[in-house]
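Below, in structure tokens: the form predicted on its own, a single chain.
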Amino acid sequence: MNPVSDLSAAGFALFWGLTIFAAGIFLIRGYQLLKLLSLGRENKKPGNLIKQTFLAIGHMIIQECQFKNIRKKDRAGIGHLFMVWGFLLFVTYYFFFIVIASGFGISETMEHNAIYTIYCWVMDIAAPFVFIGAVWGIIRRYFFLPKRLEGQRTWEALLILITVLLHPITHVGKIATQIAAGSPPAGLGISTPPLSTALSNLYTNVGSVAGWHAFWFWSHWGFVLLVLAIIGYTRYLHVPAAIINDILRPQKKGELSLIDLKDRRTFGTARVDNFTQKQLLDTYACVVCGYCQDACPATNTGKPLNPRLIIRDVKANLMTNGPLIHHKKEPVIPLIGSGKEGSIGEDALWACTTCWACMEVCPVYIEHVPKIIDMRRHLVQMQSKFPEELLNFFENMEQRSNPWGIAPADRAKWATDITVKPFETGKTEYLFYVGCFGAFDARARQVTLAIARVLDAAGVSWGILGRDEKCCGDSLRRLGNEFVFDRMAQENIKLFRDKGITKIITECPHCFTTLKNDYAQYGAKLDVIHHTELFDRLIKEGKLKLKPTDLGTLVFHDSCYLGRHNGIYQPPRDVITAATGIAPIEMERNHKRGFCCGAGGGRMWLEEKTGKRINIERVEEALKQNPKTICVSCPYCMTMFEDGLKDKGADKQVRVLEVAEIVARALK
């Protein structure tokens, strides 16, 4: 039963004419989009493409991207799972039983077998789930709109959901009329699929069944071709783009590019063609789900930054300016400017804490933060436009290699009352890289002393650089001052090489990330370990003996730079458990979904002038657990929590302790 061949030559002409027309629109638009992508800088060479391709296909089939965002408060991903899994089954059906079977007039051959019936069964089961997923999406978007989808009740979204809704309806209608006519999957001696069989009873007029079958067939194929034609013009584009985005995603998530003195476009991003091709591909992959804005601490506290809008504006800028740039004309919309669609406001760029919450929840592997930092680079390095508070910070870093401009000779003053050895080449195993906070900040110095006590108690061979130690440059790089960071990184790496330093213990997660990940881009081969990781290992090896100490109800806060940036979640928790005899209590937002303290991305050195302070938001969340102690693993977090507790008037009832301080108290 083939509505195409039933119309003889006209049927085949209509079928292939429509199919080629839709495919042509798809391919022409695809070519246009690829041409726009080619305007970007070349990407860093990807890893094993074959391996990455298989992984991406696996991710698409399993829908890993949706599972990570399904939560008690937000189950929208389940509806998306129904639609995607159904879509994959439908695509297979289209290829074999419509394009090949109907398109080449061999339905009689391909449908008269058990395989066809089995597949009809599978589709019969899948169709209601696709229908439910589409209805779920419509209800959620147009009746019970979540905050992350505000402003997204668009005609485009409705068109997509309606086409998804109509696919299973027209398919089941097609199969039901085949059964009513006694054509496969009926008449093969195998039980027919239940839903289609039930609906086949609606077609009791034998004379009209063929007409109804033709209606459902052409309707079904028409909607398929409509979707094919509009993919490149709508959010359907995220389907192929997300797969390619997964294949091409960098080996190290969020890796920032180095300056290339031969290419001015690497000094910062001022125009959309300064982005890499992969960064531009991100904009095609975006499905505007809003998970990023839901997780963003800046968005949550009323700042002008919304990571979803950053991607929207980059894409809008590309669509408007791209064709002009391609024809060697000047762009008409500034990439950094007014804050109107297609142009990103400077305030939004400076609001980012680089916590990676947006990148963690993005289902299609978009990297928002590197784009923001690239635009900061342009403002700092090419225009000298940055918040006034950063002027002293940049000067202090350039002249004295620390944020406060304190004399380098004071770097070892924290160790005045204890015996600390300098690192000796060939004799000392670990360099204890104290960092600026650990060396100069009065509160952080207590943590530094605690780390020293614990290392000595475990018999670890360690030493320091003292006045020779320089800042790692974390905040410089995240604030966009890549020139100074580049110089500082190369000086530090030379110092490490000259002294034979290969193993480094850090106090601060920001130092940890910079020395471990950023310096690796310069070829530095360093074994960097955060002190909580080392303590965990020493405890499990029996080298660190602890007597649990009671600190009351203890809540733990995940450092963004230890957690999301480096995947270290369990070691600090295990250390706390060993030192107190009880596992720490979790805040509502924890582990990968932990909420930022507000100090990352150089925000430590900037005032929050808009909306609610991020550290207050996090402190309030911690106080809901009625803790006696809030435990952190980062000096930035330490400062932000103590300031927040003072602002809330809770600093007398709740104390903030670093993991090392708790371990030092528990030493036998």
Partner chain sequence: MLVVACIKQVPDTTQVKIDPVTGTLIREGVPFIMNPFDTHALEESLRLKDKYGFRVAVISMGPPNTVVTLKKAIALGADEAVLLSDRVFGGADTLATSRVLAEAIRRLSQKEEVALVICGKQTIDGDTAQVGPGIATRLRYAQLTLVDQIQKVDVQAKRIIVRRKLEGRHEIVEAPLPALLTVLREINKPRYPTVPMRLMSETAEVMVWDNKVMHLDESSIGLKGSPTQVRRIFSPEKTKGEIVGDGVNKPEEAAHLLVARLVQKDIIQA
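Since this is a predicted model, take the numbers as computed values, not measurements. Residue numbers count along the first chain shown, from 1.
Quick note: we don't show the form predicted together with the partner chain, though the next part is all about it.
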Would all three of I62, N69 and I138 be in contact with the partner chain in the predicted bound form, where contact means some heavy atom lies within 4.5 Å? no
Taking the partner as it appears in the predicted bound form, which of 478-486, 436-444, 308-316, 150-158 has residues with heavy atoms within 4.5 Å of the partner chain? 478-486
Would you mind picking the one in V332, L145, L391, V91 that has a heavy atom within 4.5 Å of the partner chain in the predicted bound form? L391
The single option of S461, Q383, Q521, T553 touching the partner chain in the predicted bound form, heavy atom within 4.5 Å: Q383
Applying a 4.5 Å heavy atom distance criterion, does G77 contact the partner chain in the predicted bound form? no
May I ask you to check whether E255 falls inside a 4.5 Å heavy atom distance of the partner chain in the predicted bound form? no
Might F267 be said to contact the partner chain in the predicted bound form, defining contact as any heavy atom within 4.5 Å? yes
Whether E398 contacts the partner chain in the predicted bound form should be assessed with a 4.5 Å heavy atom distance threshold; does it? yes
Heavy atom within 4.5 Å of the partner chain in the predicted bound form: which residues of 403-436 meet that condition, in order? A407, P408, A409
